[in-house]
Ligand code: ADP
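Before any questions on how it binds or moves, here is one chain, the form predicted alone, in structure tokens.
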Amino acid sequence: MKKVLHISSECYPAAKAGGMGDVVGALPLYLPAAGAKSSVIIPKYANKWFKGKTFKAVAKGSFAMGPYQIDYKIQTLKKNTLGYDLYCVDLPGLFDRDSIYLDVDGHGYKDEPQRNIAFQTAVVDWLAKGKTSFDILNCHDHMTGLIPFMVKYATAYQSLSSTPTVLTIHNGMYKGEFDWKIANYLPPYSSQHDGILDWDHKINSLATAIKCAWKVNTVSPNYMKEIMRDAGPMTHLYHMEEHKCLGILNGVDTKLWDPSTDSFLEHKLQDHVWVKFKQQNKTALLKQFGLKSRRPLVGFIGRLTDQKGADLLAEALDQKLSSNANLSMIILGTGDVSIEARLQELAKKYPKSVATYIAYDEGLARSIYAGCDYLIMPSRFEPCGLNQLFAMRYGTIPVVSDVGGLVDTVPDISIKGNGIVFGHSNIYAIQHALERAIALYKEKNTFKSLRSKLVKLDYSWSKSAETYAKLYQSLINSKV
């Protein structure tokens, strides 16, 4: 069985800021059935999950990083119940913080270059010097994007140059760009390879990985098509490397996301009686937030950012409710402070119609998936999207913009699909989509039939895991 190491800054439940954490935490559980044994390595943070757990060191080392000497330890849990080996890189002073990416001021850490490079170098140093080996290195997003370069060109790590590397792009908007002043932080390499690191006169971690990785995949087929059409200044690079690019759709961990066993839910699904399950959870939500009943309940879960269309949603919702639209809404998330404030204003303005909860709360998220009639995702772009998959798993109809992986997973009901789709994410398109949702809700038999269809759809990881395993095997075969 081929051995795969997933290298990431996130892995649920240890560390999660978005969908990447869900993917890295779930995919390794499904790969063994497809013939690939997976392990994961992430930085060791000081968040709630890590506190109180006992670790054992499996390796230690040190390396020079510019003017600094970096000491690291590779650790594993003494009691690991995750279903795969989870390794943590202990880098004192760099990652022992309670937030993954953001400082107390809400902005990214100012020492991000040092943190990222130290983590990646520690992983490669451990692999080159240690006794643990892997057949494939699967790097996730720009935070690990320098690893394909390091194993290919760093002088001290040439023993790893024949190990195939895969880059999985969860969000191509973030590139990990650094000023060339920190080039001496990288492991020594020949300056003739500077051009591989460079894009627009900066060290670009994502561009470097696209150039150096053996294969590159996005987390949905349609997102790969989108970035091939328009990735800004990097569009040309994607076209240059198109021969090694593909899209693989994300999946859902059906054991973790199971409405009949979900430990977060007070009212679980029993005997597949969906009407009772949805009504009990909806009633609980309405009571918790003091919202009106006998109307469709729409949920939004996610980062309150322009990417997710949260700014558009605020304006569209205000205009609809001012004209007495017959719907209620629950919004859960954090992000741009101005968007947060706007949504909180809406909740004050329409206390019986809008509830805004500014936080990341896994338990409340599960309740929203279980209790809402609809989940809206007005994203300007969406590499895959997992929320629409979770929603359907819990019998909630997705209302989505026609971008990225949303296109791959939510065909419109007008073509016998499984959700309401709108193009051109703008205020008016969102309002029209909400009008369609209200109208559909009134068609009780049609609404019930659609819900019955949703919960039978299979978006588990099994099929996608097979695709990843075939990709890994093809790279191993290419070495022979």
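Treat the numbers as computed from the prediction; the structure is a model and nothing was measured. Note that residue numbering follows the sequence shown and begins at 1.
Keep in mind the form predicted in complex with the ligand is missing from the figure; the text below concerns it.
**Q** Could you check which residue among Val151, Ile301, Ile210, Leu346 gets a heavy atom within 4.5 Å of the ligand in the predicted bound form?
**A** Contact check passes for Ile301.
**Q** Just to be sure I understand the contacts: of Leu256, Ile100, Ala365, Ala156, which is the one whose heavy atoms reach within 4.5 angstroms of the ligand in the predicted bound form?
**A** Exactly one residue meets the criterion: Ala365.
**Q** Counting only heavy atoms and a 4.5 Å cut-off, does the ligand in the predicted bound form sit next to every one of Lys16, Gln307 and Gly385?
**A** Checking in the predicted bound form: Lys16, Gln307 and Gly385 are all within 4.5 Å of the ligand.
**Q** Looking at 291-299, 352-360, 276-284, 182-190, which one sits within 4.5 Å of the ligand in the predicted bound form if you count heavy atoms only?
**A** Selected range: 352-360.
**Q** Would you check, heavy atoms only and a 4.5 Å threshold, whether Gly247 touches the ligand in the predicted bound form?
**A** Judged by the heavy-atom cut-off of 4.5 Å, Gly247 is well away from the ligand in the predicted bound form.
**Q** Under a 4.5 Å heavy atom criterion, is Tyr238 part of the interface with the ligand in the predicted bound form?
**A** Output for Tyr238 is no: heavy atoms all beyond 4.5 Å of the ligand.
**Q** Just to confirm, Ala316 within 4.5 Å of the ligand in the predicted bound form by heavy atoms?
**A** Judged by the heavy-atom cut-off of 4.5 Å, Ala316 is well away from the ligand in the predicted bound form.
**Q** Would you please decide whether Leu332 lies within 4.5 angstroms of the ligand in the predicted bound form, comparing each non-hydrogen atom pair?
**A** Heavy-atom contact with the ligand at 4.5 Å: present for Leu332.
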